[in-house]
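Only one chain is given next, in structure tokens, and it is the form predicted alone.
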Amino acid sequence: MSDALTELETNVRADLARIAHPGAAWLEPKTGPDGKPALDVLIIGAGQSGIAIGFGLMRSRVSNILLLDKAEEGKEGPWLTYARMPTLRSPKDYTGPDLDFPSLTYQSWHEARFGKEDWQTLDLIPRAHWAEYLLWLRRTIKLPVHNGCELLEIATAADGLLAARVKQADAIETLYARKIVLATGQEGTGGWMIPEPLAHLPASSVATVADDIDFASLRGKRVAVIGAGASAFDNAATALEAGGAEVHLLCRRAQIQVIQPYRWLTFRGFLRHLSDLDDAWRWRFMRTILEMREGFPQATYDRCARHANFTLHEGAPVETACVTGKGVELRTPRGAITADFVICGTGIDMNFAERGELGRFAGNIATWADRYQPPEDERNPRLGRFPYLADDYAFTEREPGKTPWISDIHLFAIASTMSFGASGSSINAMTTAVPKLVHGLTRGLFRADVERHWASLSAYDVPQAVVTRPARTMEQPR
């Protein structure tokens, strides 16, 4: 480690000590049915969101926590797996998992790692550096993390606890917690979509942008990418750079989307207070933003357009697909395209039943369609499938009283978007979204213990001073 990084970490510890007030412990340990200590909060996911949530809880003196991630250490999140862009798309000065703590910002780490001059000349953050920074952040603030640990199921348990059945290596155990946070990014409540016309294709011929694709095997092959968002362009570019003979990108819109609504919403008022609006306004804003879909920056487009063997097809949704002797034939309103391999960049479908960990209560998770019926011209069945979350990011019940314990399961993922706007996977929203979640978690923990706190106050008798001189007795006037 460089001297500059060592100095930075020393400064972080000193700064955290200076702002530690109030430092009083306020949570009492609970015991699970197995006799072992229960956690106050179990966080599923140790990527950027999980790290920020853990940091926020520790700042609130909620230290009996644990983060689990199914990935190996350093591979949490998409950055070193299915993210296929050279750099982050966010401006380099956006703060996020640091929660506005200056010594923990990416800029502080980058300057200590590479020098201040390098920061000044930096355009966008290389994604590998972002992954390295996140690992440094997690270690510096000493978050407890278990890697290679997958959540299998959540159930209710005695004494107001939740039971999380988890798998690590070949062992399965049950952890007990008062609250569980699903900081599971893109896949929190569903799975990556393969459009219906392509669903019957052989697995060897089709993949989603989140799959582990062997791009080297696509050298000299014809590749079709379905979708026109940033991730779709990233995959098209990766196929081109791997030597794909032809790469076709199929956009269902008449014109590709070049406006990035997530740049518009990056202001404190929207990030902090969208969730305070009524359902009609929340739906109106988020429907407009999500129907626009995420745009892509110039560099992402140029990465594809510089290749002569790249073709963009607008107004070309796939209507049918079949395997022929020549390959996979995709029929669109603009004609047919034949490919050897198809990559789907068509997003996530909300499907609670598809997530094994939600299996016990998937059928009773309330959705936006259950809670709000928009005007005819604002309807969108896809968005109606998003979960309708409480003001603390908790699941709510479709049928009240059937699974009341799900109010202690909090979702901080892409599926939080309809209820809270940019939150669960957006760097630019973390400094407002994570404190809101942490506030909800600590509020719930405090309220659940209110009788204990009242008893503690009633019994409180610690004097603040010692009276050494008796008070003077005044004579009563006659």
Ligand SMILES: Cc1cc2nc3c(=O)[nH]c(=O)nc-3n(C[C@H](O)[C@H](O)[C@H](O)COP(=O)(O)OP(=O)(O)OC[C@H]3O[C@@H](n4cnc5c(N)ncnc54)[C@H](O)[C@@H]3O)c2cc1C
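Quick caveat: nothing in here was measured; it's all calculated off a predicted structure. In case it trips you up, residue 1 is the first one in the sequence shown, and so on.
The same protein has a further form, the form predicted together with the ligand, not shown here; the description that follows concerns it.
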Name the stretch, out of 349-357, 388-396, 335-343, 367-375, where some heavy atom lies within 4.5 Å of the ligand in the predicted complex.
-> 349-357
Is the ligand close enough to 195, 290 and 328 in the predicted complex that each of the three has a heavy atom within 4.5 Å of it?
-> no
Among 145, 71, 383, 157, just one has a heavy atom within 4.5 Å of the ligand in the predicted complex, namely 71
Single option in 174, 186, 275, 266 placed near the ligand in the predicted complex, where near means a heavy atom within 4.5 Å | 186
Can residue 79 be called a contact residue for the ligand in the predicted complex at 4.5 Å between heavy atoms?
-> yes
Any non-hydrogen atom of residue 149 within 4.5 angstroms of the ligand in the predicted complex | yes
State yes or no: in the predicted complex, is some non-hydrogen atom of residue 252 no more than 4.5 angstroms from a non-hydrogen atom of the ligand?
-> no
Should residue 103 be classed as touching the ligand in the predicted complex when contacts are defined as heavy atoms within 4.5 Å?
-> no
Those residues of 24-55 with a non-hydrogen atom no more than 4.5 Å from the ligand in the predicted complex are 44, 45, 46, 47, 48, 49, 50
